[in-house]
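Consider the single chain below, provided in structure tokens and representing the form predicted on its own.
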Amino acid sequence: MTLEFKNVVKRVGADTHIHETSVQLRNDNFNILLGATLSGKTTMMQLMAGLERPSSGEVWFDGKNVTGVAVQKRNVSMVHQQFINYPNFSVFENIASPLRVARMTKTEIDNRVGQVAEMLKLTPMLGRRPSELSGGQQQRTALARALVKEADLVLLDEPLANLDFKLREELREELPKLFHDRGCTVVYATSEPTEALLLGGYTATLHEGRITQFGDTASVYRQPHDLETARVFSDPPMNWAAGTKKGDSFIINDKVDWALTGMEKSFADGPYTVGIRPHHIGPVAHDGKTVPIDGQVLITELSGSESVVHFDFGSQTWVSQSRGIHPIKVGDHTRFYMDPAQCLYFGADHRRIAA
């Protein structure tokens, strides 16, 4: 069952929330909408569900134009970041509610609810009311209700945001397995690039109501078509700078340069924008091919496994992300090392120049 947007536009008054979009999602894997807050993820899901109607264009599902079909007439499940449960129902009844609407037998309802409750660690809470649950338990209840329904279209709008770290990690691993071979289309919205990479599947990157790229998640990450896609799919944010290619060399900020050794040598001389992700910049030179960059440290974020350092580089703030704990202090003038082989180059139109 495939879901397709055909020239879909959504306007609210004078504002365009979704610019003209044509895309066909996959029904054999996760479809991820990746973008920052207000990029259009939730509006796009509401259009998919039938909660909103496009200002122009059509929404097709399973080969049928469903643009004007009400959500009540579609077999859709949707889970929001802000969980929604029936306050007067027990956890069991909350999960079972779509099955009762479908007039399933008591035995089948008991079996299905029991299976999904066990998976989401809700079995001890089945007799409780939502008011007796923690926020994470309430969100798991909302997730269970969506999973048990076996809908044709499942929309998950940042569903793990309110869960504790351990359960979030477990569900990120389990969710793709749960929907495997169910024959439904699954759409998962997130603002976290790392979450998109962990879930895999296919990713659409969104920016200001536009899909900038859609494809295999790993390919979109490694081979962004343009600068905006690269920015959306990078956490911490991608470092970028204006630069110039001259002969076999590239220079940024009038002081940092390196020799081009790959296909970049064939680029025409002139101005470009160069981007590099933070984990390709670190305080240690691992080989002779790295390029030194000096900057004043502005912020340090240290965890048990990595160091994230924000530093002043020319007129910009760049970020270094490296393994281990490094004794770097705010205010220090520190030397970092960049791997130029990992640089992405973008032309004047912000399209990536493939190397």
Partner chain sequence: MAAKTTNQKAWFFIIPVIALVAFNALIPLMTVVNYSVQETFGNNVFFWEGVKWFEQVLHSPRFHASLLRQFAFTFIILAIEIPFGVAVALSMPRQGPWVSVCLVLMALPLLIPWNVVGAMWNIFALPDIGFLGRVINGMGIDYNFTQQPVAAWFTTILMDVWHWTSLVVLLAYAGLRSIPDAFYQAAKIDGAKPWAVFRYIQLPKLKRVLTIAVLLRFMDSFMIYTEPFVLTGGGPGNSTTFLSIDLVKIALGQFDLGPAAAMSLIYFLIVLLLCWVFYTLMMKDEEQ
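Positions refer to the first chain, counted from 1. All values reported here derive from a predicted model rather than from experimental measurement.
Beyond the structure shown, there is the form predicted in complex with the partner chain, which is absent from this document and is the topic of what follows.
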item: Among the candidates M78, L120, L160, V113, the residue which, in the predicted bound form, approaches the partner chain to within 4.5 Å (heavy atoms); value: M78
item: Position in contact with the partner chain when the complex is considered in the predicted bound form, options E173, D254, E132, D248, heavy atoms within 4.5 Å; value: E132
item: Which of 96-104, 271-279, 174-182, 236-244 lines the interface with the partner chain in the predicted bound form (heavy atom within 4.5 Å); value: 96-104
item: Q213: touches the partner chain in the predicted bound form, heavy atom cutoff 4.5 angstroms; value: no
item: Contact of Q46 with the partner chain in the predicted bound form (heavy atom, 4.5 Å); value: yes
item: Residue contact check: V71 to the partner chain in the predicted bound form, 4.5 Å heavy atom; value: yes
item: Proximity of V284 to the partner chain in the predicted bound form, heavy atoms at 4.5 Å; value: no
item: Contact set, 223-249 vs the partner chain in the predicted bound form - heavy atom within 4.5 angstroms; value: none
